[in-house]
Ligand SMILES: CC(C)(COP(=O)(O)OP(=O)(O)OC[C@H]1O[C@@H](n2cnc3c(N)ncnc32)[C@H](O)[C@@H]1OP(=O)(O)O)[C@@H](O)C(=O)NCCC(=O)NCCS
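First, one chain by itself in structure tokens, the form predicted on its own.
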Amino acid sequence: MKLTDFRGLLQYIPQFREKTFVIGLDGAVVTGENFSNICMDIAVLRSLSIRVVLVHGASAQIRSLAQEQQIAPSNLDGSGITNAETLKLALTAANRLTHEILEGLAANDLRAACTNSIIAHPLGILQGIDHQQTGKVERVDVEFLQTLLENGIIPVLPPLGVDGDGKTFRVNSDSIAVAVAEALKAAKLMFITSHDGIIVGDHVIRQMPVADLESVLAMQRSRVHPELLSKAIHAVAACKAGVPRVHVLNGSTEEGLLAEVFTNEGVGTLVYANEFQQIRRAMKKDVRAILNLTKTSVESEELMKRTRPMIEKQLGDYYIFEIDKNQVACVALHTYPEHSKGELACLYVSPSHENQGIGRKLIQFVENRARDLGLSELLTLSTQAFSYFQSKGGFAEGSPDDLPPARREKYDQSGRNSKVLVKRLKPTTPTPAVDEVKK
């Protein structure tokens, strides 16, 4: 994402202003070369009035300290057994990392404070095994955290918790992040790791409903990358606890945090609890989005080139498919009422949202609109996607003679030699108004 493209950033500001993002940082990310850039990204979030809470892990540092001291740690990630030696390593590692985070934030003129807002109790004896000084979150001191946030201070939470007697426990940082996100009713929980996202088999998942990820964990758990299993488990837990969006991304990607938040495609994995979809009429402010969406397809000659004036002249023919107010697809319906025909045109779905049935939804939507307008035939022209329209849309191959005269003239002038596809329309009951076609 180019930060100079401020207009693209502006559309998200009202959506996220005064919302809370909980960011979970793996210990290896904090000591990585890109951490200073992550701190700058956080500064951008704060400048947009987004409240930020940081939770960090320390497993990489615990491992390093253990090697230095020739100790075999009993628990690296805060979910196994924590003996006295490992807790001592965890305290040392966590304190060092917290200080590095505070330094990084201070370098960007951000105020921050390490807190004792995680109240924990012993994980206890599970399956006959005493987990000793491993703890789990009992509650989050929400009032304390909200006071800090309201005063522009970023809370920094180590992978530790304390009980009412002041006893410290080692706690899994992912579970702390989930508990904090739930308690603060965060809009987003973002895990920043050393990987590009949640990996299943050899593939990075780009987007997935929480129910699908839960199914993967139940049926294909062994295929989830072991270093990302905790992220996947806690992403599901967060969504089920009411956090609408969980992101997993690579901390070494420059501007990755901002790209994940402020672009439709993102750079990591998005796990979502629900989604708001709608098909609506395009407005003048959407012209730029239509041009950006279709740019790659125009370059590959899948779609006919359209200029801004061309789109603006026929803007009433265009529709946008939105997910959470992000434009992810577009389509147009050009009508020739004197011939009772319509043309489905400029159908395009962003690569990040392919294979989700959006193209078929748009085809069906255009069909319904054409019927509502009393049209009896729907046409579409294609140079490369004709098999898709035939198999998914029910179109049959026609000929240029099926085109209305005005459209035939443009067809001949273009020299694209597109295939003409035709679908006869049967009248149906009217569809809802455009802005009511939502899911």
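Whichever C-alpha set is largest while still superposing within 1.5 Å between the two forms counts as the rigid core. Model, not experiment: these values are computed from the prediction. Note that residue numbering follows the sequence shown and begins at 1.
Not pictured, yet referred to below: the form predicted in complex with this ligand.
Inset, instruction - State the residue from Lys185, His121, His339, Arg360 whose non-hydrogen atoms include one within 4.5 Å of this ligand in the predicted bound form. - result: Looking at the other structure, the residue within range turns out to be Arg360.
Practice prompt. Answer with one of Asn355, Asn151, Asn274, Gln220: the residue that has a non-hydrogen atom within 4.5 Å of this ligand in the predicted bound form.
Written response: So the residue touching this ligand in the predicted bound form, by this definition, is Asn355.
### Message
this ligand is absent from this chain, but in the predicted bound form, do Asp317, Val366 and Arg371 each have a non-hydrogen atom within 4.5 Å of it?
### Response
No.
Which of 137-145, 300-308, 95-103, 204-212 sits within 4.5 Å of this ligand in the predicted bound form, heavy atom basis = Every other range fails; the passing one is 300-308.
Would Tyr388 sit within 4.5 Å of this ligand in the predicted bound form, counting heavy atoms only? Yes, Tyr388 lies within 4.5 Å of this ligand in the predicted bound form.
- Tell me, yes or no, whether Ser382 is in contact with this ligand in the predicted bound form, where a contact means a heavy atom of each within 4.5 Å. Yes.
query = Does this ligand get within 4.5 angstroms of any non-hydrogen atom of Tyr348 in the predicted bound form?
reply = Yes, Tyr348 lies within 4.5 Å of this ligand in the predicted bound form.
Is there any non-hydrogen atom of Arg63 lying within 4.5 Å of this ligand in the predicted bound form? So Arg63 does not count as contacting this ligand.
Align on the rigid core first; then say whether the Cα of Arg407 has moved by at least 2 Å between this form and the one not shown.
Yes; Arg407 is a residue whose C-alpha shifts (by 2 Å or more) between this form and the one not shown when the cores are overlaid.
If you line up the core, does His99 shift 2 angstroms or more at its C-alpha between this form and the one not shown? No, because once the rigid core is superposed, the C-alpha of His99 moves less than 2 Å between this form and the one not shown.
- Item | Lys167 C-alpha relocation of at least 2 Å between this form and the one not shown, rigid core basis | After core superposition, the displacement of the Lys167 C-alpha between this form and the one not shown stays below 2 Å, so no.
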